[in-house]
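Single chain ahead, by itself, as structure tokens, in the form predicted alone.
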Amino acid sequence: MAMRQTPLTCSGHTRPVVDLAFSGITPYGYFLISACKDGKPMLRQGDTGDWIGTFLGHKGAVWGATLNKEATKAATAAADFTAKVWDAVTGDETLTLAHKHIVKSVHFTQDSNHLLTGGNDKVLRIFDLSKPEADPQEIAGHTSAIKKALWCNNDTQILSAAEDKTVRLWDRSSMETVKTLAFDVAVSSMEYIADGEILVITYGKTIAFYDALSLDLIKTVDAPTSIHSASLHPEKDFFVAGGDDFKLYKYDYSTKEELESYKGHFGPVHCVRFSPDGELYASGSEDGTLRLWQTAVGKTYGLWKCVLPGESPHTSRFVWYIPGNFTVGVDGKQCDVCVRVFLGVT
């Protein structure tokens, strides 16, 4: 008998969650940021979903959010015509980058010194974060709103997806298009996997995998519903996808066989991503929640406890350390390093 998937539900947002991203693995674990139409992006401990803090400052829906690898910086893209850069340790806003229209996407270079943005004004922008007063580099070419923009190939190239039903590969130096993919419908999501140079694209009911350097097609998989987002496991054994029917689907990457499907959300799934260690994947939904799902159901990991036959439930202690001074510490005061201890029966 298959074990039952029990996702962790992360509440707090009041409107649809439209984007999420994980940091890399740091000495403090890894972290998760979420973008929401309530205008209040949130930072969480990645393996537990524990809320750390909320970035306050946007005056409109937040459409995109990202963390740098070290989880020291965050960036958000919003409907208030700005992208913001934040200190992810203190929660302070460090930069506001003005745009001419709604911003939909933000992405740091590997060294965190430059930020790539894209949005409804159809222009890609590269901001030098060490020179915030300088004008950004601008790359034009899309004919409709840009939905996603990502650095690739060691930050020497850029991938962008837009409402004009194209995905384009750009050279950073010349700022010229290298190659364009055209689709019958607009692309709903795009994920870049640096290890192996794989590009994951979703459109309609299709999940497609491309070589990120050449944009040559590797394979496609058709799902039973319109898909809004998909993510490939770090080991490339399988991938997950979610969309209109509220479900999360898990597929074998090699055989394309559907392995499992789970329903937990109460609205369409807008975004899904694997954690950097591949032990879980996170999903964000129209229902305003994030959910964390185990990759290997039944494994002891994070707040999930595997109780073997013959074992009795017992009290377990979970302890984790949260850097920074976002969150409530002792007696309601903020502290530099918070230690949270949860006691509960599992």
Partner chain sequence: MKTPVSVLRLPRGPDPNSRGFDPNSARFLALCPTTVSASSAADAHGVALRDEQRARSLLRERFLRSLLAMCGRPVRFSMYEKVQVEAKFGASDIDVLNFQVSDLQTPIGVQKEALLRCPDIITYNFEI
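Positions refer to the first chain, counted from 1. Just so you know, these numbers come straight off a predicted model, no measurement behind them.
In what follows, reference is made to the form predicted together with its partner chain, a form of this protein that is not presented.
Chemist: What stretch, of 70-78, 215-223, 186-194, 243-251, brings heavy atoms to within 4.5 Å of its partner chain in the model of the complex?
Modeler: Looking at the partner contacts, the answer comes out as 70-78.
Chemist: My question is simply whether residue 91 lines the interface with its partner chain in the model of the complex - judged by any non-hydrogen atom within 4.5 Å.
Modeler: Contact with its partner chain, yes.
Chemist: I'd like to check something about residue 298: if you look in the model of the complex, is any of its heavy atoms closer than or equal to 4.5 Å to a heavy atom of its partner chain?
Modeler: Although its partner chain is absent here, residue 298 would touch it in the model of the complex, with heavy atoms inside 4.5 Å.
Chemist: Would you check, heavy atoms only and a 4.5 Å threshold, whether residue 37 touches its partner chain in the model of the complex?
Modeler: Looking in the model of the complex, residue contacts with its partner chain do not include residue 37, since no heavy atom lies within 4.5 Å.
Chemist: Using a 4.5 Å heavy atom cut-off, state whether residue 260 contacts its partner chain in the model of the complex.
Modeler: Answer yes; at least one heavy atom of residue 260 falls within 4.5 Å of its partner chain in the model of the complex.
Chemist: Could you run down 49-64 and flag each residue that has a heavy atom within 4.5 Å of its partner chain in the model of the complex?
Modeler: Stretch hits, in order: 49, 50, 51, 52, 53, 54, 55, 56, 59.
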